[in-house]
Each structure stands twice: as C-alpha cells, then as structure tokens.
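Listed next as structure tokens is one chain, alone, in the form predicted on its own.
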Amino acid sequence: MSRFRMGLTLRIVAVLGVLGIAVFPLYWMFVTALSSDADLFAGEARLLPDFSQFGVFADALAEGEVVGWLRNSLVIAAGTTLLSIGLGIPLGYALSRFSFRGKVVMTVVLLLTQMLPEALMVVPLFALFNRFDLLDSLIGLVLANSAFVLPIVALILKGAIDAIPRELEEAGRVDGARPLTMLVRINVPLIAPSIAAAAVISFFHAWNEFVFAVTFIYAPEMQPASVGIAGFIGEVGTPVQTVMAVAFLFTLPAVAFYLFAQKYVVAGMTAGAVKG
C-alpha cells in the first residue's frame, strides 16, 4: 500500500472514530429509549433499537408537558441568544475601538466573571428578581442567562473586531459615516462568522442551563426541559425509557441548531486562530 493510501486510510479511520464518539451518546439514548424492561435488566446491553417499543416517544409527547418544556427551552435559548448578541456587538465594538477610563479594568472584570460558578450568582439574583417580580418568569431566565453569557460573547466579538483594519472605518469616516453606521455596515458583515460562533455558545448555555431554572421557576408549566427531565427521577423508581426518550427529543433541537451554524462556527474559529 502506498504512503498516500495509508495516510488517507488513517485519516478516514480517525474521522470515523471522532464521529462515532460524538454520535454514540445520542444513538445510545435512542437505543435505551427503545428497550424493554427485560432488555434493560438482562445484564447484556442491547446494541440495536427495538422499534416495537417506539410508542414510548408517542406516550412522552402525548402527556403534553414535554412539548411545553421544549417550547419553554426554545423561548429561553432564543431570547438569550438574541439579547446577548444584541448587547455583545456594541459592547465588543466599544472595547475594541474606543479609548476610555477603566477600559482595561472592565475587560479584566468581564474575563473574571467567566470564572465564577452560577451557584454564587443565585442568591443575589433571586433577591433582585423577587424585588422586580421576575421570579417564575421566562423573561427572568432570559435575563439571568444573558447576564452570565454576555461577557464571553463581548470578548469574542471584541477579538473579531480587533482583526478588522481600521483603514476601512477611516474610509467610511471620510464619507461622513457615524460610529453606529460603521458598526452596522462595515464591522457586522465582516464579523458574521464570530457572531455565529458566539450565538452557538449562547444558545447551548441557555438550552442546557439548570441551576437558574430550578431556582427561579416554580410552576411546572413554566419549567424548561432541563428541569422537567430531572423531575422523572424519583425515590421509588425512574422510568428509564421515558427519560431517555425525552432526553433524545431534548437533544435534537440543539444538534439541529449546531448543524445549521457549524460552517460559520468553523470559519469563526479559523479567523480567531490567526489573531495575535
């Protein structure tokens, strides 16, 4: 075998291995959801799904609560993504292009906020939301998640704007463009890949978030799917097939969003890799 064919074979094996590691958890949830009780407790794992058990998905969706949980998760994730990107673009632009007192301190503080666990923010946010009647509200969760993810979004977009030559804005300034115009018409199109990468980070954080949701939401119909799935776990027993079926359905929208944005994410990572 020539060195070219051997190298190609190794690359194909490596790609299939990485793909298998990424896809296998999703496949395992699907197979477990379609397993009978006898299969689960037989002592030997089932490798292929038993489609005669497919009714577990219909039963999970028929309860109604699962659809509501997924809808709430979608509202929270979409709201968090739009708000964090909407605020992160002007914040990143200000940190990149303007000089003002305290700029370095603000950048360091934004970076330090990413080192704080969510648990430290629960108590002060709970008191604040209670005062402004934001508890048991999807808007409150959107605000909490946006506050947590906004610093990293702003720093990602600041790095992308830093890579844009200032000469482009100087040309626009000669034509009479104002800072807002230059941001919207010059910078935003050029940092679109980084915006897509930041949007994926925001969406995934809000989609999977649990601590804020389980603390700030009381009504069952307002819970997101991350909290709803945890409610299946009981002291007496846990319906494993139902948990896996709902978890599989919970994963699909996030996977679909990532597949939609992946080409922009890869482009954004490549652009950031050449920035010193």
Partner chain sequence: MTKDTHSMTVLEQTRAPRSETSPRRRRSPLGSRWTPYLFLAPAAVFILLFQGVPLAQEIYLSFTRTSLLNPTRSTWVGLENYAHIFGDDDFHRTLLTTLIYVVVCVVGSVGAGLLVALLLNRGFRGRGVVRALVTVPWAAPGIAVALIATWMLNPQYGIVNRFLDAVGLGVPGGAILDSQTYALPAILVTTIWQLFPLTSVVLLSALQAVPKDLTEAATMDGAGRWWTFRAVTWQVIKPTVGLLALLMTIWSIRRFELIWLMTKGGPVGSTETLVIDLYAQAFDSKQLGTAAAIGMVGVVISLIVIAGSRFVARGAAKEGIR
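Since the structure is predicted, the reported quantities are computational estimates derived from the model, not experimental observations. We call the rigid core the largest set of C-alpha positions that still match within 1.5 Å between the two forms. Numbering follows the first chain given and starts at 1.
Missing here is the form predicted in complex with the partner chain; even so, the following discussion is about that form.
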Query raised in the report: Among S73, S194, N187, S146, which has at least one heavy atom within 4.5 Å of the partner chain in the predicted bound form?
Result: S146
Report task. Report the residue, out of L138, M121, A78, L155, that has at least one non-hydrogen atom within 4.5 angstroms of the partner chain in the predicted bound form. Result -> M121
**Report entry** is_contact(W207, the partner chain) in the predicted bound form, heavy atom dist at most 4.5 Å
**Finding:** yes
Query raised in the report: Is Q53 one of the residues lying within 4.5 Å of the partner chain in the predicted bound form, judged by heavy atom distances?
Result: no
Report task. Give a yes or no for L34: in the predicted bound form, does one of its heavy atoms lie within 4.5 Å of a heavy atom belonging to the partner chain? Result -> no
Query - A199 within 4.5 Å of the partner chain in the predicted bound form, heavy atoms - result: no
**Report entry** Stretch 8-31: residues contacting the partner chain in the predicted bound form, 4.5 Å heavy atom cut-off
**Finding:** R11, A14, V15, V18, L19, I21, A22, V23, F24, P25, L26, W28, M29
Requested in this report: Align on the rigid core first; then say whether the Cα of P239 has moved by at least 2 Å between this form and the one not shown.
Outcome: yes
Query raised in the report: Superposing on the rigid core, does the Cα of E221 end up 2 Å or more away between this form and the one not shown?
Result: no
Report task. Relative to what we see here, could you say if L70 and E235 have their Cα atoms closer or farther apart in the predicted bound form, with a change of 3 Å or more? Result -> closer
**Report entry** Distance direction in the predicted bound form for the C-alpha atoms of A199 and A22, relative to the displayed form (3 angstroms or more)
**Finding:** farther
